[in-house]
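A lone chain, given as structure tokens: the form predicted alone.
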Amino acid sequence: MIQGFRGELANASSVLIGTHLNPDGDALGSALAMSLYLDSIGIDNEVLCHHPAPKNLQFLPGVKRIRQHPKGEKHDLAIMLDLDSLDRLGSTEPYFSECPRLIVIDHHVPHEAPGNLRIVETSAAATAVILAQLLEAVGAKITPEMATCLLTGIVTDTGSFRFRNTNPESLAVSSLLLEKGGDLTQVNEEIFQSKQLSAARLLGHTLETMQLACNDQLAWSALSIRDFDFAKATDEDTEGFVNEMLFITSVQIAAIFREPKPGRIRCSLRSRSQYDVAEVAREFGGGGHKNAAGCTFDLTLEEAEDLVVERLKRCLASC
């Protein structure tokens, strides 16, 4: 794996780096850390993402280099981080398909197998953990900027070390990144301790209109375009809302449905321990991890809500 990675980079003159739609901290943190590393060894590169960085990730070092379209030159190597399916690249997918060589670095359970070199470790808490270990193995000088990007990925995917996927490996890698100058305080403040007034208002509405079923073990809420307009909020303001419902003692599965535009519904799912919401999400064309997943629908808000809630009830009953 390490020699393969070295070999791919040794033969590359220009690298295209990409990650998934609606990028989170692990996606962008990993992509930007990779970009900064390639800078340090003199390899031209650029970072593409279908969506720009959300507000809470604008602090990331190098964030302004993220583009939605390439500058125009051809790339001989592509690196995909934090995803295992080309279609999750969105509008940037054709640029990656054109590259003659592809590296995939990911921690999701694979359902497709693209890539000439695949560095996939499903037990890792975050793609940033895998990348940090890989960079250490090839002797990279991890700068404070790179360390902060990688810490962001780990902190995001472990819920600041609160989620079940927090393990000795993720803590050890985080300790190393702190030694390298990563700013954990800044990461936590930007991601978990900064909220726009519009987001606070929308969260209040989300909890006020929350519905419960299955002896209060299932909780869900639905946000329409009207709700977003009333709060003067955007879809990225809903980051973490679904976790607020899962914090309720009785709740085992939580879901939030959002309508950022007519006929387009995004659904985020969270669960405790034994309940596999990734399996549910996959049935609707989505995916994720056992306890954190999502899917998208081209339906009305009510239609998507009915489909998923019914399936989540069966998920609860099956355990």
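Predicted model, so just to flag it, every value in this text is computed and none were measured. Residue indices: 1-based, along the sequence shown.
We do not show the form predicted together with guanosine-5'-monophosphate, though everything after this point is about it.
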field: Location of guanosine-5'-monophosphate contact in the predicted bound form, chosen stretch of 83-91, 221-229, 193-201, 69-77 [non-hydrogen atom, 4.5 Å]
entry: 83-91
message: Please determine whether G288 contacts guanosine-5'-monophosphate in the predicted bound form, using a 4.5 Å cut-off between heavy atoms.
response: yes
guanosine-5'-monophosphate contact in the predicted bound form: S14, any heavy atom under 4.5 Å: no
query: For R266, is any heavy atom within 4.5 Å of guanosine-5'-monophosphate in the predicted bound form, or not?
result: yes
task: Determine whether any heavy atom of R101 comes within 4.5 Å of a heavy atom of guanosine-5'-monophosphate in the predicted bound form, and answer yes or no.
output: no
- request: Consider the chain as shown here, without its partner, and state which of I43, V63, V251, A292 has a heavy atom within 4.5 Å of guanosine-5'-monophosphate in the predicted bound form.
  value: A292
- line: in the predicted bound form, the residue from K180, H205, R118, H108 with a non-hydrogen atom within 4.5 Å of guanosine-5'-monophosphate is H108
